[in-house]
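Take a look at this one chain, the form predicted alone, written out in C-alpha coordinates.
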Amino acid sequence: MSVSNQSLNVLNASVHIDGKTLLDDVSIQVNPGEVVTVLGPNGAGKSTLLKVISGERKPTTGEVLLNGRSDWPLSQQALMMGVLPQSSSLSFPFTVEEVVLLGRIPCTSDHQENLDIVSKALKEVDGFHLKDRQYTTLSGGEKQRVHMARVLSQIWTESELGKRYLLLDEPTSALDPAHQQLTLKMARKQADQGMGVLVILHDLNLAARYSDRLVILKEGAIAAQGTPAEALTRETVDAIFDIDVTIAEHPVYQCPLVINN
(Lines give C-alpha, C1' and ligand atoms only; values in the text may rest on other atoms or scores of the structure.)
Protein backbone atom coordinates (compact mmCIF):
# COMPACT_ATOMS: atom_id res chain seq x y z
CA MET A 1 0.00 0.00 0.00
CA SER A 2 1.40 3.37 -1.04
CA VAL A 3 0.80 5.89 1.74
CA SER A 4 -0.03 9.41 0.57
CA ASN A 5 0.02 12.66 2.54
CA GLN A 6 -3.48 13.24 1.15
CA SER A 7 -5.24 10.02 2.12
CA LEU A 8 -6.63 8.19 5.15
CA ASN A 9 -4.61 5.08 5.96
CA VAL A 10 -5.07 2.25 8.43
CA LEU A 11 -1.76 0.42 8.67
CA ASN A 12 -1.64 -3.13 10.09
CA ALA A 13 -4.15 -2.31 12.83
CA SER A 14 -5.00 -4.98 15.39
CA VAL A 15 -7.17 -4.78 18.48
CA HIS A 16 -6.85 -7.42 21.23
CA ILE A 17 -9.00 -7.24 24.36
CA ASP A 18 -9.02 -9.83 27.15
CA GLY A 19 -7.47 -12.44 24.88
CA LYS A 20 -9.98 -11.84 22.09
CA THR A 21 -9.00 -10.46 18.70
CA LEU A 22 -11.47 -7.84 17.48
CA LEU A 23 -9.30 -6.62 14.59
CA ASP A 24 -6.51 -8.62 13.00
CA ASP A 25 -3.77 -6.83 11.03
CA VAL A 26 -6.12 -4.69 8.92
CA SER A 27 -4.78 -2.21 6.37
CA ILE A 28 -7.14 0.07 4.44
CA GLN A 29 -6.66 3.22 2.40
CA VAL A 30 -9.35 5.78 1.62
CA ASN A 31 -8.46 8.32 -1.03
CA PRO A 32 -10.14 11.67 -1.69
CA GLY A 33 -12.85 11.25 -4.30
CA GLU A 34 -13.83 7.66 -3.55
CA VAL A 35 -16.36 5.69 -1.55
CA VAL A 36 -14.96 2.67 0.28
CA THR A 37 -17.55 0.41 1.89
CA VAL A 38 -16.79 -2.05 4.68
CA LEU A 39 -19.00 -5.13 4.79
CA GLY A 40 -19.11 -8.21 6.97
CA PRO A 41 -21.35 -10.29 9.22
CA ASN A 42 -22.15 -9.23 12.78
CA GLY A 43 -19.05 -9.34 14.96
CA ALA A 44 -16.66 -9.09 12.01
CA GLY A 45 -14.94 -5.99 13.41
CA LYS A 46 -16.55 -3.27 11.33
CA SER A 47 -17.47 -0.89 14.16
CA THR A 48 -14.16 -1.59 15.92
CA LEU A 49 -12.38 -0.53 12.74
CA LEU A 50 -14.35 2.72 12.64
CA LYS A 51 -13.53 3.42 16.30
CA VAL A 52 -9.83 2.88 15.56
CA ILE A 53 -9.93 5.23 12.58
CA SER A 54 -11.80 7.95 14.48
CA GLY A 55 -9.48 7.71 17.47
CA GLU A 56 -12.16 6.46 19.84
CA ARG A 57 -10.19 3.23 20.37
CA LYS A 58 -6.40 2.95 20.26
CA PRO A 59 -5.19 -0.08 18.28
CA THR A 60 -3.10 -2.66 20.12
CA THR A 61 -0.69 -2.58 17.19
CA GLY A 62 -0.59 -0.56 13.97
CA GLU A 63 -1.50 3.05 13.34
CA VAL A 64 -3.87 5.39 11.52
CA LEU A 65 -2.54 8.20 9.35
CA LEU A 66 -4.84 11.11 8.51
CA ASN A 67 -3.29 13.02 5.61
CA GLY A 68 0.12 11.63 6.54
CA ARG A 69 -0.01 12.22 10.30
CA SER A 70 -1.09 10.25 13.35
CA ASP A 71 -0.76 13.09 15.86
CA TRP A 72 -3.33 15.71 14.89
CA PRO A 73 -4.83 17.67 17.80
CA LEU A 74 -8.53 16.83 18.06
CA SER A 75 -9.47 20.41 17.18
CA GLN A 76 -7.66 20.05 13.85
CA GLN A 77 -8.73 16.45 13.19
CA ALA A 78 -12.35 17.57 13.56
CA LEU A 79 -11.96 19.88 10.54
CA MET A 80 -10.88 16.95 8.34
CA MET A 81 -12.83 13.97 9.68
CA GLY A 82 -16.55 13.75 10.34
CA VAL A 83 -17.84 10.58 12.01
CA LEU A 84 -21.43 9.34 12.18
CA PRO A 85 -21.55 6.51 14.77
CA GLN A 86 -24.04 3.68 14.66
CA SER A 87 -26.22 5.42 17.23
CA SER A 88 -26.24 8.94 18.65
CA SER A 89 -28.15 9.73 21.83
CA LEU A 90 -29.34 13.21 22.73
CA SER A 91 -32.11 13.89 25.24
CA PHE A 92 -32.00 17.68 25.47
CA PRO A 93 -34.96 19.60 23.97
CA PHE A 94 -32.86 21.29 21.28
CA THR A 95 -34.32 22.27 17.95
CA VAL A 96 -33.03 20.39 14.93
CA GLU A 97 -31.18 23.51 13.82
CA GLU A 98 -29.43 23.70 17.19
CA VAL A 99 -28.40 20.04 17.00
CA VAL A 100 -26.90 20.45 13.55
CA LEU A 101 -25.22 23.67 14.67
CA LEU A 102 -23.24 21.60 17.20
CA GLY A 103 -21.27 20.29 14.25
CA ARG A 104 -19.87 23.77 13.64
CA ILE A 105 -18.23 24.04 17.08
CA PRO A 106 -14.69 23.25 15.79
CA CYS A 107 -15.03 25.81 12.98
CA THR A 108 -14.04 29.48 13.08
CA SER A 109 -16.74 30.88 10.79
CA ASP A 110 -19.20 33.46 12.10
CA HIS A 111 -22.69 32.66 13.34
CA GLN A 112 -24.53 33.63 10.16
CA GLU A 113 -22.25 31.53 7.98
CA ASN A 114 -22.73 28.63 10.36
CA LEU A 115 -26.52 28.98 10.08
CA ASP A 116 -26.27 29.04 6.28
CA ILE A 117 -24.16 25.84 6.32
CA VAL A 118 -26.62 24.17 8.70
CA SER A 119 -29.46 24.92 6.27
CA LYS A 120 -27.47 23.51 3.34
CA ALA A 121 -26.57 20.37 5.27
CA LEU A 122 -30.20 19.79 6.26
CA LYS A 123 -31.25 20.15 2.63
CA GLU A 124 -28.66 17.51 1.67
CA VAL A 125 -30.38 14.95 3.91
CA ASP A 126 -33.96 16.02 3.10
CA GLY A 127 -34.33 17.47 6.59
CA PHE A 128 -34.73 21.20 6.08
CA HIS A 129 -38.45 21.00 6.87
CA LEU A 130 -37.49 19.68 10.33
CA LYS A 131 -35.31 22.73 11.14
CA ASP A 132 -37.56 24.19 13.85
CA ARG A 133 -38.82 20.88 15.26
CA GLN A 134 -37.74 19.76 18.71
CA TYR A 135 -35.22 16.97 18.26
CA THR A 136 -36.75 14.72 20.92
CA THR A 137 -40.06 14.56 19.01
CA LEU A 138 -38.51 13.06 15.88
CA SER A 139 -38.71 9.49 14.67
CA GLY A 140 -35.60 7.29 14.69
CA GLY A 141 -35.04 7.79 10.99
CA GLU A 142 -35.46 11.55 11.25
CA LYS A 143 -32.95 11.69 14.11
CA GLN A 144 -30.48 9.70 12.01
CA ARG A 145 -30.78 12.23 9.19
CA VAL A 146 -30.32 15.14 11.61
CA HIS A 147 -27.07 13.62 12.89
CA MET A 148 -25.96 13.06 9.32
CA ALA A 149 -26.50 16.77 8.70
CA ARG A 150 -24.58 17.59 11.89
CA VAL A 151 -21.57 15.57 10.73
CA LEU A 152 -21.77 17.04 7.23
CA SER A 153 -21.87 20.58 8.61
CA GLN A 154 -18.72 19.89 10.63
CA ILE A 155 -16.60 19.23 7.52
CA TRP A 156 -18.66 21.27 5.06
CA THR A 157 -15.86 23.65 4.11
CA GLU A 158 -12.46 22.62 2.78
CA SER A 159 -9.64 22.70 5.30
CA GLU A 160 -6.19 24.13 4.72
CA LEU A 161 -4.86 21.31 6.88
CA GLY A 162 -5.70 18.57 4.38
CA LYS A 163 -8.38 16.57 2.61
CA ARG A 164 -11.67 15.77 4.34
CA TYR A 165 -13.12 12.36 5.15
CA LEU A 166 -16.65 11.27 6.01
CA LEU A 167 -17.00 8.10 8.11
CA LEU A 168 -20.47 6.55 8.32
CA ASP A 169 -21.31 3.55 10.52
CA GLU A 170 -24.46 1.89 9.16
CA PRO A 171 -26.05 5.23 8.19
CA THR A 172 -29.07 3.56 6.56
CA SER A 173 -30.06 1.25 9.44
CA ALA A 174 -32.98 3.38 10.68
CA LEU A 175 -34.08 4.73 7.31
CA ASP A 176 -36.86 3.84 4.89
CA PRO A 177 -35.78 2.69 1.41
CA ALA A 178 -36.12 6.16 -0.14
CA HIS A 179 -33.88 7.77 2.46
CA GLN A 180 -31.41 4.89 2.29
CA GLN A 181 -30.92 5.75 -1.37
CA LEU A 182 -30.80 9.47 -0.57
CA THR A 183 -28.11 8.96 2.08
CA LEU A 184 -25.84 6.95 -0.20
CA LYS A 185 -26.40 9.35 -3.09
CA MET A 186 -25.32 12.11 -0.73
CA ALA A 187 -22.20 10.13 0.24
CA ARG A 188 -21.45 9.52 -3.44
CA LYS A 189 -21.92 13.23 -4.17
CA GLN A 190 -19.48 14.20 -1.41
CA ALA A 191 -16.90 11.83 -2.87
CA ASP A 192 -17.46 13.17 -6.38
CA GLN A 193 -16.71 16.62 -4.97
CA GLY A 194 -13.37 15.47 -3.56
CA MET A 195 -14.10 14.05 -0.12
CA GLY A 196 -13.00 10.58 0.95
CA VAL A 197 -15.89 8.47 2.24
CA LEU A 198 -15.81 5.28 4.33
CA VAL A 199 -19.17 3.59 4.88
CA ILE A 200 -20.12 0.54 6.92
CA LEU A 201 -23.13 -1.26 5.46
CA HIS A 202 -24.97 -4.56 5.65
CA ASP A 203 -26.82 -4.25 2.34
CA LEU A 204 -24.68 -5.83 -0.37
CA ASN A 205 -26.64 -4.27 -3.23
CA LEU A 206 -26.44 -0.74 -1.86
CA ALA A 207 -22.70 -1.27 -1.40
CA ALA A 208 -22.30 -2.56 -4.95
CA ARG A 209 -24.17 0.36 -6.45
CA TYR A 210 -22.52 3.29 -4.68
CA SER A 211 -18.96 2.14 -3.86
CA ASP A 212 -15.68 2.36 -5.69
CA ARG A 213 -14.12 -0.33 -3.53
CA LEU A 214 -15.34 -2.88 -1.00
CA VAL A 215 -13.52 -4.27 2.02
CA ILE A 216 -15.14 -7.39 3.49
CA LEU A 217 -14.22 -8.40 7.04
CA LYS A 218 -14.63 -11.77 8.72
CA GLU A 219 -13.55 -12.48 12.29
CA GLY A 220 -11.62 -9.22 12.43
CA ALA A 221 -9.53 -9.78 9.31
CA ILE A 222 -9.89 -8.74 5.67
CA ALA A 223 -11.44 -11.68 3.81
CA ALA A 224 -11.90 -9.95 0.44
CA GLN A 225 -11.45 -6.54 -1.12
CA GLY A 226 -11.51 -4.85 -4.50
CA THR A 227 -14.05 -3.31 -6.80
CA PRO A 228 -17.64 -4.46 -6.27
CA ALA A 229 -17.26 -6.83 -9.23
CA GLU A 230 -14.04 -8.26 -7.79
CA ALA A 231 -15.20 -8.61 -4.19
CA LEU A 232 -18.81 -9.74 -4.62
CA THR A 233 -18.51 -13.19 -6.10
CA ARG A 234 -20.85 -16.06 -5.36
CA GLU A 235 -18.05 -17.98 -3.67
CA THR A 236 -17.04 -15.04 -1.48
CA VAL A 237 -20.59 -14.23 -0.37
CA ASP A 238 -21.23 -17.88 0.45
CA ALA A 239 -17.97 -18.24 2.41
CA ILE A 240 -18.27 -15.01 4.39
CA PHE A 241 -22.02 -14.53 4.87
CA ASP A 242 -23.14 -18.17 4.57
CA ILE A 243 -25.87 -17.40 2.07
CA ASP A 244 -26.47 -18.96 -1.33
CA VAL A 245 -26.76 -16.25 -3.97
CA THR A 246 -26.67 -15.59 -7.66
CA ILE A 247 -24.59 -12.65 -8.85
CA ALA A 248 -26.02 -10.91 -11.90
CA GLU A 249 -25.34 -7.56 -13.54
CA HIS A 250 -27.65 -4.73 -12.58
CA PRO A 251 -29.66 -3.88 -15.71
CA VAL A 252 -29.35 -0.12 -15.14
CA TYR A 253 -26.15 0.56 -13.18
CA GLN A 254 -23.91 -2.23 -14.56
CA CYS A 255 -22.76 -3.19 -11.06
CA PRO A 256 -23.16 -6.58 -9.35
CA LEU A 257 -26.71 -7.48 -8.36
CA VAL A 258 -26.86 -9.97 -5.48
CA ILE A 259 -29.94 -12.22 -5.61
CA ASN A 260 -30.75 -14.64 -2.79
CA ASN A 261 -31.42 -18.14 -4.09
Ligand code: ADP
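It should be emphasised that the depicted structure is a prediction, and the values quoted were computed from it without experimental measurement. Start at 1 and count along the sequence shown; that's the residue number.
This next part talks about the form predicted together with the ligand, which is not shown.
The closest non-hydrogen atom of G226 lies beyond 4.5 Å of the ligand in the predicted complex. At a distance threshold of 4.5 angstroms between non-hydrogen atoms, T157 is out of contact with the ligand in the predicted complex. When the ligand is considered in the predicted complex, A239 lies well away from it, no heavy atom lying within 4.5 Å. The shortest heavy atom separation between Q86 and the ligand in the predicted complex is within 4.5 Å. Interface residue among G68, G33, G43, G55, judged by heavy atoms within 4.5 Å of the ligand in the predicted complex: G43.
Heavy atoms within 4.5 Å of the ligand in the predicted complex belong, among the stretches 25-33, 47-55, 229-237, 188-196, to residues of 47-55.
Scanning 4-27 for heavy atoms within 4.5 Å of the ligand in the predicted complex gives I17, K20, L22 in sequence order.
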